[in-house]
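The data below hold one chain only, encoded as C-alpha cells and taken in the form predicted on its own.
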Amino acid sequence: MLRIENLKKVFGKTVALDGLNMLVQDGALYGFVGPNGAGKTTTIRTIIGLLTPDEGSVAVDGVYVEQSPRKVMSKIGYVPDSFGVYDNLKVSEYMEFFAACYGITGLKARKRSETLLEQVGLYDKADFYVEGLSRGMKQRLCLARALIHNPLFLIMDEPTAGLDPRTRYEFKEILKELCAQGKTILISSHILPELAEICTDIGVVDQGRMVFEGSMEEILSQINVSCPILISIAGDQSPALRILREHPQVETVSIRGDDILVGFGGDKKDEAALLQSLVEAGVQIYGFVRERRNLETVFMQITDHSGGEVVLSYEG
C-alpha cells in the first residue's frame, strides 16, 4: 500500500529525513514509532503531500505522490493529532460539509454520513453541536470524517492521546474492525503497549532513518533484545556472584536488592545448566526467570545512542 524509498528532507541545518525507506503492506495495521524529533511527523506530512521531499519517492497503492498528488489524496484518509473541528456546526452538518469537499452531496452524502457515525458510535449525536462533544467523541468524529470518501489507506497521528481508558479501548476496537474490512492503517503513537496489542507490523524510525521494520512477531523474536535473567537469592549473594562472574555466557551482572540481574547469552538448556551450577554451589535460590520481552524493551534498545557499551559490575 505504501512504499517509501530513500526519502530525504532537510530544514536549514536540520536533517529531518536521512534516506528513509518504509513499506506498509495491504491490509496491515502498522505502528509507526520513534523518539521525539525522529522524523515521524515529517514522514506523514510528506506522504499526504504537505511537504515535498528533497530526494526519494513516496507511492501509495502504486501511485507516486509527486506525479499524481490528487489521485493519491483520494486514496488517503488522515486523522491529525489536533482535532481541526468546526464547533459551530452540528455533527451531521460537519460530516456533510466534508463529504461535499469530496464531491459527495445530497442523499448520498447523508447516507454515507449516517453509516460512518453509526460505525464510530456517534449516530445518536447527529443533531448535537460539535462544541458539545467530549474529547473522545471529537476524536471519533475526526475518524468518521477521514473515512467519508472511503479511502484505502488511513493515516492517524496520535489518535488515542489524552483519551480515557474506556474511550481508548473503544477506539482500538473500531480500528480492528476497519482493518478487518480491508483498510490499511498507519498509526503514529507514543503509547507502545497499545500498539503491541493491535498492530500487525511495526516500523521504528530514529534520526530520520528506519532502524527496524517488520511484523510484531519478528520485532519481538529477531531483535537482539537484552532480556536478563532475574535471580532471587535468600542470604549471601557472594557465591552466586563469583560463579556468574566466571561464566562464559554471562554478559552483564547487576544487583537489585535481593535480586541479581544477569545478561545471559545462552538458550534454555544453558539457563538450566546455569541454575544447576548455582544450586550445586549451595546458593539459596527462590526465583529464576527471564524478564519478559516487550515493545518498549525493543524500542529502548534500538533507539539507544549510548554506543552499546556493556559494563559488567561486580560486588562481593
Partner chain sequence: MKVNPIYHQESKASARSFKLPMIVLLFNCVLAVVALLDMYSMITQVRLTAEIQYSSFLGLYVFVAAVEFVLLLFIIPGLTGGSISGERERQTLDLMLTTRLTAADIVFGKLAAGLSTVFLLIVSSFPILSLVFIYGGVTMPDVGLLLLCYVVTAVLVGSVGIFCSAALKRSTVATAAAYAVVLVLVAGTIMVSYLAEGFEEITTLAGSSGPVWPLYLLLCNPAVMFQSVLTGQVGNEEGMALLTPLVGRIRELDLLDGRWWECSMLVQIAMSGAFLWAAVRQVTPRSRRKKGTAGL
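Worth saying up front: this structure is predicted, and the values here are computed from it rather than measured. Positions refer to the first chain, counted from 1.
Below, we turn to the form predicted in complex with the partner chain, even though it does not appear here.
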Within 4.5 Å of the partner chain in the model of the complex, heavy atoms considered, which of G266, P69, G37, G27?
P69
Identify which of E114, E218, E93, E170 has a heavy atom within 4.5 Å of the partner chain in the model of the complex; exactly one of them does.
E93
Among 28-36, 51-59, 272-280, 258-266, which stretch sits within 4.5 Å of the partner chain in the model of the complex, heavy atoms only?
51-59
Is S238 close to the partner chain in the model of the complex, meaning a heavy atom pair under 4.5 Å apart or at it?
no
Does L89 make contact with the partner chain in the model of the complex, using a 4.5 Å heavy atom cut-off?
yes
Please check if A126 has a heavy atom lying within 4.5 Å of any heavy atom of the partner chain in the model of the complex.
no
Taking heavy atoms and a 4.5 Å cut-off, does M137 contact the partner chain in the model of the complex?
no
